[in-house]
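The form predicted alone is given below as one chain in structure tokens.
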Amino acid sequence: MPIFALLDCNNFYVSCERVFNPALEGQPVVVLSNNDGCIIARSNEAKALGITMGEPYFKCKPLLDRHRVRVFSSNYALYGDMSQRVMEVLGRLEPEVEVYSIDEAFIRLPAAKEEGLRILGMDIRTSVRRQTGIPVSIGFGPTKTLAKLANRLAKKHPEHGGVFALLPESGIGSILKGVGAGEVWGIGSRSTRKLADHGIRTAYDLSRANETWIKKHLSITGVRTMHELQGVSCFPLEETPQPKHSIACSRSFGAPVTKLGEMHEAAVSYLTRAAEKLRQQQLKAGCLTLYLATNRFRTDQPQYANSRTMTLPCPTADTALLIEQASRCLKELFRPGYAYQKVGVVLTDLMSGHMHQPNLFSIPRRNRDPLLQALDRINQRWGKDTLQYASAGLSKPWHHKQAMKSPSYTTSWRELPVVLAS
């Protein structure tokens, strides 16, 4: 029987900050969401102070100041690059890997004893830490769900050294009795309440529940989760990422926007990012949605929100063509007299970038693929927005707040770490 492992980077965003600033080791650290709004990552030291995930920054700022907690704005360029490095190391160590999220990956391994898995897990942890600086925890189990639980236990109990195996010979049933049903992978808060109302409060209860009742109230996915807790693998390893159905880009503004020109700059900037993602994934979009909204929490101000979806003349990943369509759309949506909080773009009806489906009634355009490839290569090498469309603006007064952002140590030549030798 094959074994699954889940590798999870510990406090990933905080760990990325610590790689290039070792003085943060052992100190309480938090990372904020876009616009420096809420706490989205905490070091263990910050957790011990009672700082909760998702807490608004302004509410807990006095506590952070009192305990001298180091606070960072989110630095997604750094986190994305460090994630790629971790996954590359893992890919060199193991042949069957599924990248599950920015800080998690599943691995499929041949059947092995608990001691052998523990040694393997320690070796993987050492290799990833040595080559990237990121600490990780690893959980092993006969199914993905049990591997996820094992990883949780590896993190929760330091005596395991960051590695834990949940195998039949280790007494899975007794361990599941100490795990709440809501802690099981895929069981959300609403499902947890349904289960509790039916007397199912632990993972063990869920593994022994009535299958007909589970299927009725939690669908077939709930049944598969129940079987996974019993040690029957129902979720296979997905080594090839599933094709995306949409690509979106949106941010809240750092300051309210009232002018069409600034709104247009923001929309173009976000559309540029979305088009870059399209080309990176070798896709084209056939449909574009643009939306804007005021701040719904400011009840003292007039409110307005609207969106528009348009079918593109031809599927494309060309930033200029997308900007052309979005500009017309924005003029129809924008209403003066409002303080806007957000604008966003969503690209849908995605298809392979290798397909070309011309429109019988549109004028054929010159192939701009070499130009777009050159643009992407320059920005990848020299840093984001080294070359950009003029309509995206330069000063960007609307840009979201990042008052405490660390340098992009690994993706910008201008922000490389400097080492001084005496």
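Just so it is clear, the model here is predicted, and its values are computed rather than measured. Start at 1 and count along the sequence shown; that's the residue number. Rigid core (definition): largest C-alpha set, two forms, superposition within 1.5 Å.
Quick note: we don't show the form predicted in complex with the DNA, though the next part is all about it.
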Checklist entry - Looking at the partner-bound form in the predicted complex, is Pro28 within 4.5 Å of the DNA by any heavy atom? => result no
Item to check | Distance check, Arg130 to the DNA in the predicted complex, heavy atom within 4.5 Å | outcome: no
Checklist entry - Gly353: heavy atom within 4.5 Å of the DNA in the predicted complex? => result no
Checklist entry - Could you tell me if Ile247 has a non-hydrogen atom within 4.5 Å of the DNA in the predicted complex? => result yes
Item to check | Site check Pro95, Pro168 and Gln230: each within 4.5 Å of the DNA in the predicted complex by heavy atom | outcome: no
Next on the checklist: Partner absent here, but in the predicted complex, which of 327-335, 341-349, 259-267, 86-94 has residues with a heavy atom within 4.5 Å of the DNA?
Outcome noted: 341-349
Checklist entry - Since exactly one of Arg201, Lys156, Arg298, Lys113 fits, which has a heavy atom within 4.5 Å of the DNA in the predicted complex? => result Arg298
Item to check | Listed residue (Arg125, Arg118, Arg108, Arg224) with a non-hydrogen atom within 4.5 angstroms of the DNA in the predicted complex | outcome: Arg224
Checklist entry - Hey, which residues along 134-170 are within 4.5 angstroms of the DNA in the predicted complex, non-hydrogen atoms only? => result Lys148
Item to check | Did Ala339 shift 2 Å or more between this form and the one not shown, C-alpha, core superposed | outcome: yes
Next on the checklist: Once the core is superposed between this form and the one not shown, does Val257 show a C-alpha displacement of at least 2 Å?
Outcome noted: yes
Next on the checklist: With both forms fitted on the core, check whether the Cα of Ala293 differs by 2 Å or more between this form and the one not shown.
Outcome noted: yes
